[in-house]
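Take a look at this one chain, the form predicted on its own, written out in structure tokens.
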Amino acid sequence: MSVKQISVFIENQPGKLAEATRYIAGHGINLRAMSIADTKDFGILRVICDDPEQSAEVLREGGYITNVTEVLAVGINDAPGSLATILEIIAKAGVSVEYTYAFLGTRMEGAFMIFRVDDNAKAAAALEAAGIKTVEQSDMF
């Protein structure tokens, strides 16, 4: 199980992030989650939305460079050690985590964690074997 995330490349200049998010909103794209990583010259805006393929196409039409990536999503309890448990299971499966971010969901207590890992299927199987359910795109909206 996986979720599609859109990565959008944005110049690291004043107003460019505001411009991109206004463009997204103006096309009716509702962002459920967002993360941004930057360097001196550019940033990578990572978003989760309800229709990633259509949203990526709209962004491309607006001149944005985008990429759609499959990431792993997990519902996580609001309790100390929940994240550590998930990360330990992923590590024991021999899967590397590139990055992760979280957001609150409306359909569950706790939060959703997004994981960019080097093997979604292997990580999902290890989590499922430990009784931790991965989440589909439709589960978040």
Partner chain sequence: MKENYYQPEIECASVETLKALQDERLVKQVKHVYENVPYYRDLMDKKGVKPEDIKSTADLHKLPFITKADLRDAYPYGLLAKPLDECVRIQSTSGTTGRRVVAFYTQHDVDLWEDCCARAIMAVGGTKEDVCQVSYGYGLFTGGPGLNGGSHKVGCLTLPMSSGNTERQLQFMTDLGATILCCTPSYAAYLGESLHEKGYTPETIPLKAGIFGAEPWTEEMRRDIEKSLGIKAYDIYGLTEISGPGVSFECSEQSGMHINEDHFIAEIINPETGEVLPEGEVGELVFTSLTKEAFPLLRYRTRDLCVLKREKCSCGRTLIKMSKPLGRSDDMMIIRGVNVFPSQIEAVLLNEGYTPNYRIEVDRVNNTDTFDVYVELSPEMFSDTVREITDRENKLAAAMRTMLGIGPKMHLVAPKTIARSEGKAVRVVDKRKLH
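Because the structure is a prediction, the values reported are computed rather than measured. Positions refer to the first chain, counted from 1.
Below, we turn to the form predicted in complex with the partner chain, even though it does not appear here.
- When contacts are defined as a non-hydrogen atom within 4.5 Å, none of Thr100, Lys122 and Glu128 contacts the partner chain in the model of the complex.
- Residue in contact with the partner chain in the model of the complex (any heavy atom within 4.5 Å), chosen from Asp41, Asp78, Glu61, Glu88: Asp41.
- The stretch that touches the partner chain in the model of the complex, counting heavy atoms within 4.5 Å, is 63 to 71, out of 78 to 86, 24 to 32, 63 to 71, 48 to 56.
- The shortest heavy atom separation between Gln5 and the partner chain in the model of the complex is within 4.5 Å.
- Although the partner is absent from this view, Leu104 stays clear of the partner chain in the model of the complex, with no non-hydrogen atom inside 4.5 angstroms.
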